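Consider the single chain below, provided in structure tokens and representing the form predicted alone.
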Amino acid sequence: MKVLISGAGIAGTTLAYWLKHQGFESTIVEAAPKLRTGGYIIDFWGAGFEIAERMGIIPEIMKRGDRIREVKVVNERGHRIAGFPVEAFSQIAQGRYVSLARGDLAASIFGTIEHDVEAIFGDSVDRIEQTESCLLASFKRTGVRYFDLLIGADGLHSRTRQPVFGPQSRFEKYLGFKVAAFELAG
């Protein structure tokens, strides 16, 4: 079975890993010209840690990750007004806890499949047509290919959902919150 996975983030690369181990032929298509770097920091522990252990990528994740000591809330002058130590989370997880950027986790997973799975970077699914025997995926750059299954793992502003379900504005509802993130050296 030929499976097209739209998105080379954590979900897409993990799916490709497990499909490969079940004998499926996977192709990942990613709109970005290469694997994305950075991204929000995630706390990695629990079930995710166990799955990564089964995948054999814990040493790579630990190498890329950071041991955060404290979370601080600061005011407009940079003075600490609240916070908490993170050591309690590590103790609860029995040391099986690390913080790392989403891009670093996806890269760790991709490193285990990059020679076994076709990856098309700098392209995306433009049109989808279901026939009786297969799915025809028209790519913006690389033409038309056939697959047995298409899985959209391309995140919040999915290019895969739009041709299937319509514009994002039909499903998106602003909840009144904004989030900002930034990266600091060290």
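Residue numbers run from 1 along the displayed sequence. Note that the structure is a prediction, hence the values are computed from the model and not measured.
Below, we refer to the form predicted together with a small molecule, which is not included among the displayed structures.
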item	value
Contact segment among 130 to 138, 65 to 73, 52 to 60, 37 to 45, judged by heavy atoms lying within 4.5 Å of the small molecule in the predicted complex	37 to 45
Non-hydrogen atom within 4.5 Å of the small molecule in the predicted complex for each of Glu30, Ala153 and Arg159	yes
Non-hydrogen atom contact Asp123 with the small molecule in the predicted complex at 4.5 angstroms	yes
4.5 Å heavy atom contact, Ala11 and the small molecule in the predicted complex	yes
Contact test in the predicted complex: Arg102 vs the small molecule, heavy atoms, 4.5 Å	yes
4.5 angstroms heavy atom contact with the small molecule in the predicted complex for Val179	yes
